[in-house]
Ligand code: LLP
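Here we start with a single chain on its own, the form predicted alone, put down as structure tokens.
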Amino acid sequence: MKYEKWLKNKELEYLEDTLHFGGMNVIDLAERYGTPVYIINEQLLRKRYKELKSLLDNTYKKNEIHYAVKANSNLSVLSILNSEGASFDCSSVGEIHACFKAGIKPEKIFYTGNMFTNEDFKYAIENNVRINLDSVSQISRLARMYDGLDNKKQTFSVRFNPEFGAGHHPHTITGGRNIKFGILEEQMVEAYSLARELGFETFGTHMHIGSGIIDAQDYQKATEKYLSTITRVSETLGISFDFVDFGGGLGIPYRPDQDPLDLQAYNNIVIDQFKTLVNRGTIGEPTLKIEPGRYIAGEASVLITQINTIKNNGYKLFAGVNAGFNTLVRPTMYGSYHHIVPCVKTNGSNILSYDIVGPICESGDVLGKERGITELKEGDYLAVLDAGAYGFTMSSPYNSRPRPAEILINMGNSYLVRKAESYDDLLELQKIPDYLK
């Protein structure tokens, strides 16, 4: 894919040499709202959701897309996807609470946590949220909690670990015997048998193999094992499934030399195999669920930051910016690549190699290493692309630096959807004991 087309696919283009995102001048937005700032593109969010929904609808109409809230939990993002008809995958009570604040009904929420506490269970049960378990030991605890609260047991499901995983970094691969998530094949019949004994009457099942998958072939072995395993559970215990959840993990092209995930290949490997199994009549007529986060939100946000320092130490050029790993931790935490472009395009041929670095007091505070860019100046703006997934949600106030604002753009308008933190915000919950005053 040519570079300009790669940018255009993310709704980025240079108009009169100035970067525009979703048709809006990013420098105008940076000067209006300050930097660093996350810009969220509403129409691109809607477009990515509709792409996936169309894919599912054309193959297996009984489907639900559960947006993975952990990717981007901004209330406006949740509201936008709710208006599109999305359901939601939550990994914590806090994410469930955010969904409620965004006006999302409990029946549209699926709580797939791990290492659940009794308080987690209690919150979900009292709020009529379905729970997806992660361990055989949790089944009896959950049943006792339902009984103690005198609530009807909702559909039972547990996360299956197929031992085949994939992802952009070892920390994001969630399939394998040494991985903390889910239960293995030999525990599946035991889990559903115990659940039935404890009074669960309807059943679902779930799998998730990792995050940031860009090659659809990575789903092949896991999908085959998942479908064969749930078939064995169904045939052994004589149960059918209300839903079969394939999790998320759908990746995006962070690098210009990467093509987007081949959705048709994903369809052939995952959805068609599932549909073939359903047509055999073995597991019932379940709802197909997937849980994308990054695919929907990742490209729908850019981070704008401003250069404050150009440093040449005689060996290397550094472009120092006002966003650091407190703002976007993925490059430091995972070694992740985010493409970084100047917000004003120059036609000069003098390409220099810069390390794009932030203000955090650690050497690991690097947003991009050895990036070839035309000569930069102090005061210039840079755009860090594909920052919509695991960007703001993983930000922190490290070094006592306030987190940035988030703005939403839509049809030529911009809206402040999260105010930048102040220094007082960082201290709001602290209290000095009287004896120290």
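Remember, it's a predicted structure, so these values are computed and weren't measured experimentally. Numbering starts at 1 and runs along the sequence shown.
What comes next is about the form predicted in complex with this ligand, which is not displayed.
*Asks:* So in the predicted bound form, does F100 come within 4.5 Å of this ligand, heavy atom to heavy atom?
*Replies:* The answer is no: F100 has no heavy atom within 4.5 Å of this ligand.
*Asks:* Do R401 and this ligand come within 4.5 Å of each other in the predicted bound form, heavy atoms counted?
*Replies:* Contact check for R401: no, nothing within 4.5 Å of this ligand in the predicted bound form.
*Asks:* Mark T223 yes when one of its heavy atoms lies within 4.5 Å of a heavy atom of this ligand in the predicted bound form, and no otherwise.
*Replies:* T223: no contact with this ligand in the predicted bound form.
*Asks:* Given that this ligand is not shown alongside this chain, does L376 nevertheless sit within 4.5 Å of it in the predicted bound form, heavy atom to heavy atom?
*Replies:* Heavy-atom contact with this ligand at 4.5 Å: absent for L376.
*Asks:* Using a 4.5 Å heavy atom cut-off, are R141, Y192 and K289 all in contact with this ligand in the predicted bound form?
*Replies:* Spot residues vs this ligand: no contact at all.
*Asks:* To verify the annotation, which of these, A124, V158, L81, L250, has a non-hydrogen atom within 4.5 Å of this ligand in the predicted bound form?
*Replies:* Among A124, V158, L81, L250, a heavy atom within 4.5 Å of this ligand in the predicted bound form occurs only for L250.
*Asks:* Report the residue, out of P342, G358, G212, P162, that has at least one non-hydrogen atom within 4.5 angstroms of this ligand in the predicted bound form.
*Replies:* For this set of options, the contacting one is G212.
*Asks:* When this ligand is placed as it is in the predicted bound form, which of 56-64, 389-397, 40-48, 404-412 ends up with heavy atoms within 4.5 Å of it?
*Replies:* It is the stretch 389-397.
*Asks:* Only counting heavy atoms and a 4.5 Å limit, does any residue of 111-143 reach this ligand in the predicted bound form, and if so which ones?
*Replies:* Stretch hits: a single one, T112.
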